[in-house]
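The chain below stands alone and is given as structure tokens, in the form predicted alone.
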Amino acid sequence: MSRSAKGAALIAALAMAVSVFSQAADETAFTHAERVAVRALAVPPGHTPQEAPDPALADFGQRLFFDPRLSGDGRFSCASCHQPDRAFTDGLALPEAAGRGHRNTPTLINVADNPWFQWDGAADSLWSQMLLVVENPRELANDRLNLAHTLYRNEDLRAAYRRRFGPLPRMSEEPRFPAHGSPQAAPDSLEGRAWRRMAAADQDAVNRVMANLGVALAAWQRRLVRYDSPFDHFAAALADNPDPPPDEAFPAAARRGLKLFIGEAQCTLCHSGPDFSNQAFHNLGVPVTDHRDTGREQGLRRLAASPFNAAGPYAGEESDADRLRFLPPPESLRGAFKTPSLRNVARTAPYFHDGRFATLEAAVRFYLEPPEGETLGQREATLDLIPDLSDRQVADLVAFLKTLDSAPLPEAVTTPPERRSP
């Protein structure tokens, strides 16, 4: 080969190397617009979670969360399904407590300021959503009257309640407070008739006990806040540098996945903001199971019927009752479910409201290749904006999602005092 030919070959090789290097840089460096989009997903610098003003109330809520006496038969607690070492989920497709549930257990981390709770939004406050769990026959299978009796019978619970809220109603006085009576029971059943024969003032007293327990549990859940994932550290570095130095906790695949997430894959249409959720309800066209869960349609009806909603007599002064006046017709949201947060998503498998997907990859691929089958309601047209993605792009998205896991919460927050390490 002549000297000139060797020179030309060397120049071509160098040009190819520069091209490959530039392409790799383009895949992991971020434009100004992309940096703005990432900033919208990150927690603002200096953000301090708002905790309940009464630490003793939060401590009481923490004890209640781990206490099986909140359940009808004394076998299950809130922690039976919301397990701290699983990011407050249970690792099951469907929960198993008093019965087998029909919706996947969501995490409790960072839920404090959500506007709606449960997959169908049947509760509009953190304190009231707990009450639905207590009276669900598949979960804690209790009722508010029996729970008030349980508090009254147990001196430790009665004393703890009194310190926070004042004395309990005198539950020993029958027939004012019958031992067996449930507002959830059929009106012509023994329990249903017992509740309905109670004076309105006594029903109100029991309802206030129930609401107060919800307030205590909510105060503790305000401590379950974590925004310190590898993504958060990367977002902070990205604010100062469009191409931060390589980081083992946030590898090149995660960078490519983040660029896809905020760009071509259109993920932020629903998974937006620091909690990676727009807190809205969407119909993804998920094929129905035997349960035929109607989602938000059912949730809106449950919310309207609840005495514990924001317009009810037990809501605090800060409740926003006006937003209940502008809710859409229930049937318009048939088959829609709340957009879950993606924080700690790698630790909260399986996925979707019915836990049908065991892996993150399977959940991502659903958006690209939705399975055939009967659906309820109308699948949202916005899903048609999602382009076909290559296998590598799917893997990159999964790599990014795995960077949203935060460090575990401290033992003092996630364990009742009697179980903590010495």
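Numbers for residues come from their place in the sequence shown, where the first is 1. Source: prediction; values computed, not measured.
There is another form of the same protein, the form predicted together with a small molecule; it is not shown, and what comes next is about it.
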Notebook entry, point to check: Of 234-242, 76-84, 201-209, 170-178, which is the one stretch near the small molecule in the predicted complex, taking non-hydrogen atoms within 4.5 angstroms as near?
Noted result: 76-84
Checklist line | Listed residue (Asn154, Gln184, Thr339, Ser306) with a non-hydrogen atom within 4.5 angstroms of the small molecule in the predicted complex | finding: Thr339
Check: Quick one: of Val225, Ala310, Leu126, Leu300, which gets a non-hydrogen atom within 4.5 angstroms of the small molecule in the predicted complex?
Finding: Leu126
Check: Contact between Val364 and the small molecule in the predicted complex at 4.5 Å, heavy atoms?
Finding: yes
Notebook entry, point to check: Taking heavy atoms only, is Ala58 within 4.5 angstroms of the small molecule in the predicted complex?
Noted result: no
Checklist line | Residue contact check: Arg103 to the small molecule in the predicted complex, 4.5 Å heavy atom | finding: yes
Checklist line | 4.5 angstroms heavy atom contact with the small molecule in the predicted complex for Gly72 | finding: no
